[in-house]
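Here you get one chain, nothing else, as structure tokens; it is the form predicted alone.
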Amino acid sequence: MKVQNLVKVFENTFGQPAGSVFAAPGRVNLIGEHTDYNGSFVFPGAIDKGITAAIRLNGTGQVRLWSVDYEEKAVFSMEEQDLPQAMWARYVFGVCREMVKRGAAPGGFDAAFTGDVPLGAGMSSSAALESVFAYALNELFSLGFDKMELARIGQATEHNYVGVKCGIMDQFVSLFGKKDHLVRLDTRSMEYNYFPFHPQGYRLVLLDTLVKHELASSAYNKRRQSCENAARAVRDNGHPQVEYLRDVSMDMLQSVRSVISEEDFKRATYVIEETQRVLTVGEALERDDYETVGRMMYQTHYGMRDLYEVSCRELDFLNDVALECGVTGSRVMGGGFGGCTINLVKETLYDTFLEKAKTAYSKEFGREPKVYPVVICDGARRLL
């Protein structure tokens, strides 16, 4: 929806013109999967799909929201007991409450918002929703939070008001994203560096399998436990400095192979190798070496398939098609067990690849994958 259309919706809903318009993006993660809870690196970028909100301060203690996409209204105060029923409204309520908990005093406001982040495709629509309101309220009420604290406010909203124990990557990149750059974030120290991403002659596209397997959350917890088991074994075997798997080398892991399960060994091997791939990709981006970036993406997919075992037949099928078509890089993006592949494709192969992928996937699974071209863009910002 264009900004002027959203402004018109706001006026029709609340009977007054919107005071301001803000936007915050969803994200992709080029590489660095299942590394965040192991204290290692991730490599996300903000994308040209996100949430846009028209907002006006109303001088009361109430928040009045209109979701354009759900065609629903929600009204609540800043009090803890006023938790709204609608799940979409809890993201905004949580941001308000987390600001109050930190000693801030955001006042009442009216807002209408809409988004073009595909739901369930792993591009973090919820983080975009949290970030657009965190950024807007911080500016409109002059609350004085820095962007890192706004990211923590979004993460705490997920933890405390939605029930999702997420890491901080999604909120971080929605706020810190930079056009034509990816961000390498150290999830332990929270230090970050921007790397140029302007792959001339290439395009970035997601293919959505339209699959989400139910075992994803329990399988995620099992893998996290495996990583902790391996790190603990290394720590107890003469390396007390080890806090996360990020601190473990392959030699250190080999030294405890006999005292951990084969499953734990495989999971830990993947994480150690993925940490190195992230560092390799950073070096490659600095010299515009997208062939190396692509090779690392394929290696991540094979690691997630064979060692971490979080892929599925549909994801592997699309990855195989990408390889057959000469796509530079392709891998499962996100936690696994469904969702999207992220593909780095030469422009000369782009149309052929998409046609082949849609045709072959449809023949194999009875439906076409959804196609989401993405461009790396700026993080949360004021539009009007």
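Being a predicted model, the structure only gives us computed values, none of them experimental. From 1 onward, residues are counted along the sequence shown.
Below: the form predicted in complex with a small molecule, not depicted.
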Any non-hydrogen atom of Met169 within 4.5 angstroms of the small molecule in the predicted complex: yes
Non-hydrogen atom contact Phe141 with the small molecule in the predicted complex at 4.5 angstroms: no
Residue contact check: Gly32 to the small molecule in the predicted complex, 4.5 Å heavy atom: yes
Tyr220, heavy atom within 4.5 angstroms of the small molecule in the predicted complex: yes
Among 349-357, 50-58, 331-339, 63-71, the region lying within 4.5 Å of the small molecule in the predicted complex by heavy atom distance: 331-339
